[in-house]
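Read the single chain below, which is given as structure tokens and is the form predicted alone.
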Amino acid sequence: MRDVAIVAFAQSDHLRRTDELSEVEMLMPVLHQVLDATGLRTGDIGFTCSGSSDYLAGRAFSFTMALDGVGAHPPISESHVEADGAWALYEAWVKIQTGEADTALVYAYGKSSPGQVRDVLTRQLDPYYTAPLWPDSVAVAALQAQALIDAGDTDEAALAAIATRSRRDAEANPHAQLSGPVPAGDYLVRPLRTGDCPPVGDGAAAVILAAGDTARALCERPAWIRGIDHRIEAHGLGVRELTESPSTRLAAERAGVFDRPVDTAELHAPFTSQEVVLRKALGLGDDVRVNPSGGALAANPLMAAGLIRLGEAAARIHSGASHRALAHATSGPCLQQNLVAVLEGESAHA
């Protein structure tokens, strides 16, 4: 296995609406920033991979337009996943492992503002039994939250405390869409209140991966990916135990999370109740700093929020604020698909 690290991370300011910007205009400053951080140019990158969703854009093959942000020349080796950018990062990591590239640019973006996200996400559900009922994303998350409350794993006060902590931590994040005191708000779908749910907004993010000595030359303290794995659970909600996340647990085992303690965890938990499930699956205690960036409760640009978790964890490695961090991304209803990675600084591996 080749040593591969995240050597740079950049993200946009996450906003409720960016009507005046196209996806390309939203993405280009982020791409310039992440390339400038390493001194690389587009022509120096061995592989480029992106993550986005045509459902959000409302047109087929919308990702081809975003390639204008990368540049038409010189020609590049490029791929795309119709998923969160965290999965694009996984593909890029695999590409580097094959030896076909030493560096990779990974980017993701999502504009949720033009449509009704709660309705759009119903298209993720089982198309025969569940999707025709049109249960929106908040209603489905509320089923999971109520199951956790009924099982005695949490209560509404504990969920509100998660929201409060996340928005408080987001005060130190200049890119966050929401920060500071946020009232619990009214019920959207009981038992979830406004404060338990992620904001709808637009945003983009990018990272650069590099292997071995190339990574060391590009970054003073690379965030080495010591393990990465992703797993998926059954599509049908009725055949899953919603208070557990066995796919997260298995991905964490395969990624090596439980080999040594982590000091930071960036969890992609769009709803407060999902943090409860993830903490249990990952065995995270109070000694682990969870979502110091504010997490998805502070900014949740669809298709980019998972990649941002990896980027935020890497940024803490770069700065020396963390030595061994866990990053998690999810996709699908009620934590259906989960990716887990372990990032370490150079000294942690020595």
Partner chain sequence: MPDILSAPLVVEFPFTRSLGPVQSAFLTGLRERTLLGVRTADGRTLVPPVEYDPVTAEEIRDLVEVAPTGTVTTWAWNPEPRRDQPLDTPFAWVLVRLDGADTALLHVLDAPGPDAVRTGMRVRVRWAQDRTGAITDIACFEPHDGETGTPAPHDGTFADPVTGIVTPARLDYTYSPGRAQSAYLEALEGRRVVGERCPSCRKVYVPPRGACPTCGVATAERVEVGPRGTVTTFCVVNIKAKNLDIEVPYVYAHIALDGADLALHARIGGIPYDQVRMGLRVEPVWSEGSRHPDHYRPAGEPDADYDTYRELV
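Residue numbers count along the first chain shown, from 1. Fair warning: this is a prediction, and the values are worked out from it, not measured in the lab.
The same protein also exists as the form predicted in complex with its partner chain; that form is not shown, yet it is the one meant from here on.
When contacts are judged by a 4.5 Å heavy atom cut-off, Gln97 does not count as touching its partner chain in the predicted complex. In the predicted complex, its partner chain lies farther than 4.5 Å from every heavy atom of Asp102. Put simply, Gln124 is far from its partner chain in the predicted complex: not one heavy atom of it is within 4.5 Å. At a distance threshold of 4.5 angstroms between non-hydrogen atoms, Ala321 is out of contact with its partner chain in the predicted complex. Interface residue among Pro135, Pro199, Gly256, Gly195 relative to its partner chain in the predicted complex, by the heavy atom within 4.5 Å criterion: Pro135.
A heavy atom within 4.5 Å of its partner chain in the predicted complex is found for exactly one of Ala298, Cys49, Ile317, Leu56: Leu56. The stretch that touches its partner chain in the predicted complex, counting heavy atoms within 4.5 Å, is 126-134, out of 214-222, 126-134, 175-183, 244-252.
Using a 4.5 Å cut-off on any heavy atom, the residues of 1-35 that reach its partner chain in the predicted complex are, in sequence order, Asp19, Glu20, Leu21, Ser22, Val24, Glu25, Met28, His32.
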